[in-house]
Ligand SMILES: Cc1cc2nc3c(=O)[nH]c(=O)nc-3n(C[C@H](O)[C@H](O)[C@H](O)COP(=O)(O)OP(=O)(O)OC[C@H]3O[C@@H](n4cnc5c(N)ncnc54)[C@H](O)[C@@H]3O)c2cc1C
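Next up: a single chain in structure tokens, the form predicted on its own.
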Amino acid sequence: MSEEVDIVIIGSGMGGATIAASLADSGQRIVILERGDRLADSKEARDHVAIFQDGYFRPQETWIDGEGNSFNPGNYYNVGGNTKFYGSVLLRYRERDFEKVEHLGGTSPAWPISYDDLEPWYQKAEELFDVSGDETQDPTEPRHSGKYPNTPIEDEHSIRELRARLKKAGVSPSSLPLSVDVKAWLERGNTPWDAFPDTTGAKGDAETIPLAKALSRDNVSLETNCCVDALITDDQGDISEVRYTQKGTSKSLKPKLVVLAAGAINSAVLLLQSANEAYPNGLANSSDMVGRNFMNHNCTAVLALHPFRKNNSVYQKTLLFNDFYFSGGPENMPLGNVQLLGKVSGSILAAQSGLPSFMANYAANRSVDWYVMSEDLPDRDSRVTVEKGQIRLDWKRSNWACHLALVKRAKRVFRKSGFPLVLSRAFDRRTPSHQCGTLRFGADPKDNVLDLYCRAHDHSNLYVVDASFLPTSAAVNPALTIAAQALRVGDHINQTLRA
């Protein structure tokens, strides 16, 4: 038997949870379907070896790449989605990121909306997530209509010294905008929060803030351990049924409206798998753009070391510099963002590098650890497909020369800042680095899957509010942009419902 509801939201990550909070006061009966379960606290939640070496929290899932090689993708399935493991960084895209930008590796196209269109929703998202930051420090910071709710998270002693060294080296260190209760986090254990699961609610993640707000309303409910199998269309092309499996039992809901927020890969996969006689190439796919333009940031971990100076930081992740964001490359081309990682321990370094434990501990105790990030440009042949039930991710990495140039510039800054030894290692496809772009939005239904309010061009009651809508990846963390768009789309749906 199918149960009739008003709205079904598929996914409880940043997009799904935030739009649930936006729609909660509408009075509509809303059901959120989440593939995973709530993360329970455990000793593994703060165990470096369990997380980074044993892969305790990684899903037991295998995809194939463009050459047919199998790999474990590292996407998380749990209430709150990937935000349960994120670094709590909530950066705005820069104003110029919404415009056409030339890069070493090609062109980043203009968005179909402007920064000014999204700015009020950025402000509301920062207020919702109670972000700590300072909008005056970073020269690339875009216009804000208000201030951050809180002052920046305090630098630890070693990072305060680092900030001064970076200034002397000629760059502009700025405080990362973060959503985390540092005191509450450290009460559970002296570890970083970056890439560690949030099992106590100390991070401002999708579960602890917008989902909790949504579930405080009697008209909103959450169903966990639900794998959505297909979306069913009616004769008018609307989504008439959501079929899913919950703990081995087949179930279905009949909604008036569906919001898809399963992530850039799985949202595209669900639409492709839902192909039927009327839509043989998959739902929302008259443009043949579902699954295309997949992007994943070009990222490298860089360790700056001084052999005789220890770094006693616990969490570390409070600084960035964007001096090379829009310039500094060959022909003065844009390069990208440089921000601190959570503090890398000896066990993390040993697990990731294969170094003997004594060498890894020595290096980690003396390193400052950085996350160097460049834009991956959209390519229609960089895509997600489904072959006999198997997810195939054929990622066409782009703009790599730009990224190498940024790593080189960053290393030069670190050496000038007093770190004679600088090591680096690029992230591969097993480490998702802000996957996005597979269902991009735009006004033209021939070239885009979604319209300007993220409604499918082909289906009047289907919206998508995860990272798949993004037309470009920019070179900063996308979580706040996803939340801002979810609030914008939620407001549009609320106005439509009232009308």
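Quantities reported herein were computed from a predicted structural model and do not represent experimental measurements. When you see a residue number, it is the position in the sequence shown, counting from 1.
Beyond what is shown, the protein has a form predicted together with the named molecule; the following relates to that form.
Interface residue remark: Ser108 is not counted as part of the site for the named molecule in the predicted complex, having no heavy atom within 4.5 Å.
The closest heavy atom approach of Leu33 to the named molecule in the predicted complex falls within 4.5 Å. Remark: Ser22 does not count among the residues lining the named molecule in the predicted complex, judged by a heavy atom distance of 4.5 Å or less.
Contact annotation: Tyr77 falls within 4.5 Å of the named molecule in the predicted complex, judged by heavy atom distances. Of the listed positions (Ala261, Ala125, Ala214, Ala284), a single one reaches within 4.5 angstroms of the named molecule by any non-hydrogen atom in the predicted complex, namely Ala261. For the residues Tyr93, Phe85, Tyr148, Phe324, the 4.5 Å heavy atom test against the named molecule in the predicted complex is passed only by Phe85. In short, of 262-270, 167-175, 117-125, 248-256 it is 262-270 that has heavy atoms within 4.5 Å of the named molecule in the predicted complex.
Residues of 207-243 lying near the named molecule in the predicted complex, listed in sequence order, are Cys226, Cys227, Val228, the criterion being any heavy atom within 4.5 Å.
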